[in-house]
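Heads up, the chain below is alone and in the form predicted alone; it's given as structure tokens.
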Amino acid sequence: MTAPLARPPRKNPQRRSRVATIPPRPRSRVALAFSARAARGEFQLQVCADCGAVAYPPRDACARCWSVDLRWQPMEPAGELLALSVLDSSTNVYFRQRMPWRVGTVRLAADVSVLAHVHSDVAEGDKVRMIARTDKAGQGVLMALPVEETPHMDDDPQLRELTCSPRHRRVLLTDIRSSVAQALIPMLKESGAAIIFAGLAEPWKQNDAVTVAVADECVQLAELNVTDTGSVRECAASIGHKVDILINTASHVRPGGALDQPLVEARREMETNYFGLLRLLQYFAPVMRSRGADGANSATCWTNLLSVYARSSWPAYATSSASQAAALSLAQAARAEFVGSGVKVMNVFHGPLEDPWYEPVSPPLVTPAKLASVTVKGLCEGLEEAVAGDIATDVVNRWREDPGVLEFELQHEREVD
């Protein structure tokens, strides 16, 4: 059985942080399609449209009939571990630093054999449950897990390399006044977070909800205003070296179309949603990037909570959608700059929230608790993209099917009910 992960000792400030190393990175374009699905936690493989053969690893042509019509399809995540190898040495620096490493051959229910990382609670001949995730190089890999949950299962060192579990880590919520941030606190605490830093602009202005949130013994107040460069700089200088997971809960949203939204409100949306994220990245990201290999409580994830209308604008919230689209573009650029550091960037897309500024919108709305739950689940599973709520799921699916059609559909949703 997996040994429980002990809380890491306080780091000796005189010792240097370990330099991040990554698994082999080069992949073909078709293999990157597998990585994109793994980033969303989707276990999909190629299936030949002509003969029905399942292909793995990803390839450009079917190995059985040479057809080039290979289509990605969800697979049953079940299999049997046929053979297990425990590696004690490797020519790759990343694996050499983490020996022993368990790998094995798994025969899937889809009647194809794959090479996968193997959880320590799985033995040769066992039935397994497969997951697809991205590794420290940002590439898709497979891992075989026990079919049933085992004690301390998430503490397995190899699984922890693929996830961003809050256990024993320190989390920064950038705006504790957000109802989502307040819902995140008990969930992060339950997941084992060691410290939760609560960002608060103008801390002398507290309401009852904030007072209750910061009263928790795990919560430490941090003066932080994402619209103020000096505030972000000072906060990063104070606690930036301690932040292992950053969840950007700061947001400013107002209803209104591009033709009637007051310029001052549009500027505030950009100042918070886009420039706020940019400030956070410039002052917090470099330190997090340098700590991506810093032991059991290394920096592990940068999390953005984004409106699903960052994908395609909702005319009823036109300027808000524009600021969210700018934030999404910035998050994608940040992901590229985090590559090789071991720190993931997770974007959590949500529909309209149960919030006073979405009051004119008809249900279903996303509750703060739902968004918080999806966020923490995404961290624990090591995802790079998650979706919260029925509306967001529908919009994302339509966007993947045809972005142009979605744009035309949203044009007819100009007026909220």
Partner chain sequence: MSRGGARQPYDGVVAAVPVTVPYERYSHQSAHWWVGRAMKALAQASGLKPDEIDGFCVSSFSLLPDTAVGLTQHLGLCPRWLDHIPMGGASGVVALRRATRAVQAGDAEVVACVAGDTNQISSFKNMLTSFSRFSQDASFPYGSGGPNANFALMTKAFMNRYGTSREAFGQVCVDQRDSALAIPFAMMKKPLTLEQYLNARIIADPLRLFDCVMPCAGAEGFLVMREETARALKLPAVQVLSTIERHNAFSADPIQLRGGWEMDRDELWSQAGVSPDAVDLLQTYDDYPVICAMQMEDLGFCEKGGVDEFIRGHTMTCDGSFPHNTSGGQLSTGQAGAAGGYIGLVEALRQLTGQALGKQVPDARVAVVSGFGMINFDRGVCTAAAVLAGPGKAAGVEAAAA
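Predicted, not measured: the structure shown is a model, and the values here were computed from it. Positions refer to the first chain, counted from 1.
Missing here is the form predicted in complex with its partner chain; even so, the following discussion is about that form.
Heavy atoms of no residue among Ser313, Ala318 and Arg335 are located within 4.5 Å of its partner chain in the model of the complex.
Checking Val219, Val141, Ala326, Ile239 for any heavy atom within 4.5 Å of its partner chain in the model of the complex turns up a single hit: Val141. Listed residues Pro166, Gly276, Gly292, Gly104 were compared with its partner chain in the model of the complex; Gly104 is the one with a heavy atom within 4.5 Å. Partner contact region in the model of the complex: 93-101, out of 240-248, 339-347, 93-101, 172-180, criterion any non-hydrogen atom within 4.5 Å of its partner chain. Of the heavy atoms in Ile185, none are within 4.5 Å of its partner chain in the model of the complex. Although the partner is absent here, Cys65 lies well away from its partner chain in the model of the complex, with no heavy atom inside 4.5 Å. In the model of the complex, its partner chain lies farther than 4.5 Å from every heavy atom of Gln73. Proximity of Ala78 to its partner chain in the model of the complex falls outside the 4.5 Å heavy atom cutoff. Of the residues in 81-101, those that come within 4.5 Å of its partner chain in the model of the complex through at least one heavy atom are, in sequence order, Leu82, Ala83, Leu84, Ser85, Val86, Leu87, Asp88, Ser89, Ser90, Thr91, Asn92, Phe95, Trp101.
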